[in-house]
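To begin, one chain is listed below as structure tokens, in the form predicted on its own.
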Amino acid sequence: MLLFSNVAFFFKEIEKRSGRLEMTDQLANLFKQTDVNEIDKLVYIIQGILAPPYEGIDLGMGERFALAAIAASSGYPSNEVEKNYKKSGDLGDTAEELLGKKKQTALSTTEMEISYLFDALMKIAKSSGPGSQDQKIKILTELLNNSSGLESRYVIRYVTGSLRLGVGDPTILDALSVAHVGDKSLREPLERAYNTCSDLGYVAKVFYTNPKKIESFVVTPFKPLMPALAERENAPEAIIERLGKCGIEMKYDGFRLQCHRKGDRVELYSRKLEKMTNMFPDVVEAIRELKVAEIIFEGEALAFDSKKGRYFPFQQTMHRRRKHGIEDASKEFPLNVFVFDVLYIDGRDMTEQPYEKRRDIIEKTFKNKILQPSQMTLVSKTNELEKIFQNSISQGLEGIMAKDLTAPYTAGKRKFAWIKLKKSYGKSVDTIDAVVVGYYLGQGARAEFEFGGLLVAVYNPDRGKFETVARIGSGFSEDEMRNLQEILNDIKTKKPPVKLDFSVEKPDFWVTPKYVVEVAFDDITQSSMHTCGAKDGKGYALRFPRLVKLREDKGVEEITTTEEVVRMYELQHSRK
């Protein structure tokens, strides 16, 4: 059985490494010591979760709970624990120091196996109702009583969402392959399996049970797929040159839903793969009316303004994503879901079928008022594509999506099977999705606010790092400033995120990478201030960046990549 003391030792070794290859080797050595009954639990812990997002299991513990448990286990008064934390800047380090010199000792202790730790954490997550807060602190205190100083460092970091290992999903996939065959040759089928079910712990357990089963992973209702992602071009002729004859769909400014049905059971998942079923009873009922027994499809949901005969803007559509007042919201903001892909139907995995065939099924299956096919037109000439694009813009939509008629559905991948052309075409203005990694205090006219701007980053999957790309100081309304101040204050940290590569720009407060924002800008320039794609001391930076909106529907894994920014820079120069 795998002891957590051994896991903590490897975590400490991984923390010392900055290169992804070194981290992969350390993780592979740990995986070699893990058996089939433990590997899923270990993988979840490395990810900082207890289950995949769509299961909705959350620890729900903040710093206050952790401080109370450290005080109870160590025997130090709360004010001394808080004082140490202010000095160390890391609650895990505080736990390690204080529990390493405890003022009191538990009557009995248990050497923790990884399964024991995981089961205790699951009990914390599932504690609810009267007295649940005290119960959570009690369980965490027991874990700390059974922990060495080093173990307590990682227990506390885990429960407060700041494990700080710097290990992403790609590194875990690499390490699983290296642990089994000594190299990364199984990375591709492992990744394909993960993209098919969005549950890395489950993939690891199947892999440990029978590695050959990884090759035969199939799409299954209620295990959502990672969303396929689009590349971009800057002109209609570039799309036609790349794809030839293709399907053109309107790019709606709504929120993406992945919808699953088997028999009477229906589940809806956001693009972050969080379960949204209870929020949209009208959509659920429409799916139950379909003449199919099983189906998985994707659509873009927009709220319709019947008085004005047009669709509400994104921010008003987002009012439908709520836990309370659902019935009133469904009347005020009735939804239409424009279906743009079908991934599974009546026992058939459609992801390997060409888009043209999947589209044919959409046209035959969706004729409901709420569920309807997205508008799609076949084009083979630049002027045809240009006409549809301009029509989309005139309707107030974002642009168009061009789709390769022969391409399969590429779950979790960004491919030229889908190409987006946004309304920035022909102008210098464009947008990216970036994650907030820090914020600045207000100054001058904004001195009344404890918020004055954002530091944002894109993701470099080759390095496993976030790289800064802009400091945003404009585009905020007063309400947005207050909202950002409130939500970022809850996740601020004293140290930069462990996976962040930053240079000159340092905010007043660092935050855990969690919130995604859409950022408009005029151009991309090369700058020594930021680390995006940096070479020879110069990276890429956004010129005149301003906030468009907070993208609550997008997860950190969906932000713009460094490669995309570099490509946009090249497209920008080719356009000029």
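Please read these numbers as outputs of a predicted model, since none were measured by experiment. Numbering starts at 1 and runs along the sequence shown.
Beyond the structure shown, there is the form predicted together with ligand ATP, which is absent from this document and is the topic of what follows.
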Using a 4.5 Å heavy atom cut-off, which stretch among 208 to 216, 381 to 389, 493 to 501, 397 to 405 contacts ligand ATP in the predicted bound form?
-> 397 to 405
Decide whether Asp433 counts as a contact residue for ligand ATP in the predicted bound form under a heavy atom distance cut-off of 4.5 Å.
-> yes
Hey, in the predicted bound form, does Glu96 get a heavy atom within 4.5 angstroms of ligand ATP?
-> no
Within a 4.5 Å heavy atom cut-off, is Lys184 in contact with ligand ATP in the predicted bound form?
-> no
4.5 Å heavy atom contact, Glu300 to ligand ATP in the predicted bound form = yes
Answer option from Arg265, Lys138, Lys420, Arg192, heavy atom within 4.5 Å of ligand ATP in the predicted bound form = Lys420
Of Ser374, Ser270, Asn145, Ser198, the only residue with a heavy atom within 4.5 Å of ligand ATP in the predicted bound form is Ser374
So which residues in 243 to 273, when you check ligand ATP in the predicted bound form, have a heavy atom no farther than 4.5 Å from it?
-> Glu249, Met250, Lys251, Tyr252, Arg256, Arg271
